[in-house]
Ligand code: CP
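Below you'll find only one chain, the form predicted alone, shown as structure tokens.
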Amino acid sequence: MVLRHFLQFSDFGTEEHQWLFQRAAEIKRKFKNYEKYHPLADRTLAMIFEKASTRTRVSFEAGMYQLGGSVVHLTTGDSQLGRAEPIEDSAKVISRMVDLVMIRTYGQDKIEKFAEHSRVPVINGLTNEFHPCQILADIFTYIEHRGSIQGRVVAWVGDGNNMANTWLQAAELLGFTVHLSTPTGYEVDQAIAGIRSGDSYKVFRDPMEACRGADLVTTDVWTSMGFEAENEERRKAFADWRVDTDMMKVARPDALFMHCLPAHRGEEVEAEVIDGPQSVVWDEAENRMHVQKALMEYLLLGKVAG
């Protein structure tokens, strides 16, 4: 097989993403029916964390074990990625000992440099710029609840961060529209997002207008990991970008609410919304595991049946 990495959503084409959604559905079905499925027996996943994690660690680790593989878990203290030795050297060593690497770090440049020197597939578990596995889970969750996302409207309310960047990439590939509303100074950088045109998204100054008629309303914390020094400044800037019941009322009646978690009720989202009937955040969180299982299977085995 040709070596492939998944460092941002646009690394895969439309047809490949559709395949992943189909495989995730089948793999999830097996999981729910307690059907043993071990296509990655004797394969090892190395997980490298420079940013702390709950969902990323549990979803990748549990998912790899469920596929019959094993896991090596490395934290910042264990790996010192790019500090104790050059990233290039770490990549060359680690990739000779495992079959797959997942990295959760700060700068996208680190994971790209690692992948450049890796002999095995590398997966982006999160960087400051992109969060492709989360958007895989979000879109899969939407498909489960409402069918195809093509032609739909996703309202993004909040920071123009890694999640927003990845939603824009997904919209270009999968044929839906993102309504973006961010405070002044926190806009999406189109160059970082890698968007070729503006046809798949619209920018709204008023978050209420961004939500009007949306099929999905989604947000994230106001202060992402690594930006804690800006916390108080961001609280003031984002005060009007809290997803509340009024925003959900102007969305479509069957609109869903998503949040990648962890959430701060009363900040980026009202408790009535995240704990309300339109919220699918718990399905969304579980689905990280299922789409990542499909992704790992695809990177190591290609398109398989069964």
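So that there is no doubt, residue numbering starts at 1 and follows the sequence shown. Quick caveat, the model's predicted, so the values are computed rather than measured.
Another form exists, predicted in complex with this ligand; not displayed. Remarks below refer to it.
Would you please decide whether residue 66 lies within 4.5 angstroms of this ligand in the predicted complex, comparing each non-hydrogen atom pair?
Flag for residue 66 set to no.
Even though the partner isn't displayed, in the predicted complex is residue 44 close enough to this ligand, meaning a heavy atom within 4.5 Å?
Although this ligand is absent here, residue 44 would stay clear of it in the predicted complex, with no heavy atoms inside 4.5 Å.
4.5 Å heavy atom contact, residue 134 and this ligand in the predicted complex
Although this ligand is absent here, residue 134 would touch it in the predicted complex, with heavy atoms inside 4.5 Å.
Decide whether residue 245 counts as a contact residue for this ligand in the predicted complex under a heavy atom distance cut-off of 4.5 Å.
Contact with this ligand, no.
Suppose contact means a heavy atom within 4.5 Å; in the predicted complex, does that hold for all of 56, 104 and 260 with this ligand?
Affirmative, all three are within 4.5 Å.
Among 27-35, 235-243, 269-277, 45-53, which stretch has residues with heavy atoms no more than 4.5 Å from this ligand in the predicted complex?
Among the listed stretches, the partner-contacting one is 45-53.
Just give me the residues of 281-303, first to last, that have a heavy atom within 4.5 Å of this ligand in the predicted complex.
If the 4.5 Å heavy-atom criterion is applied to this ligand in the predicted complex, 281-303 yields only 288.
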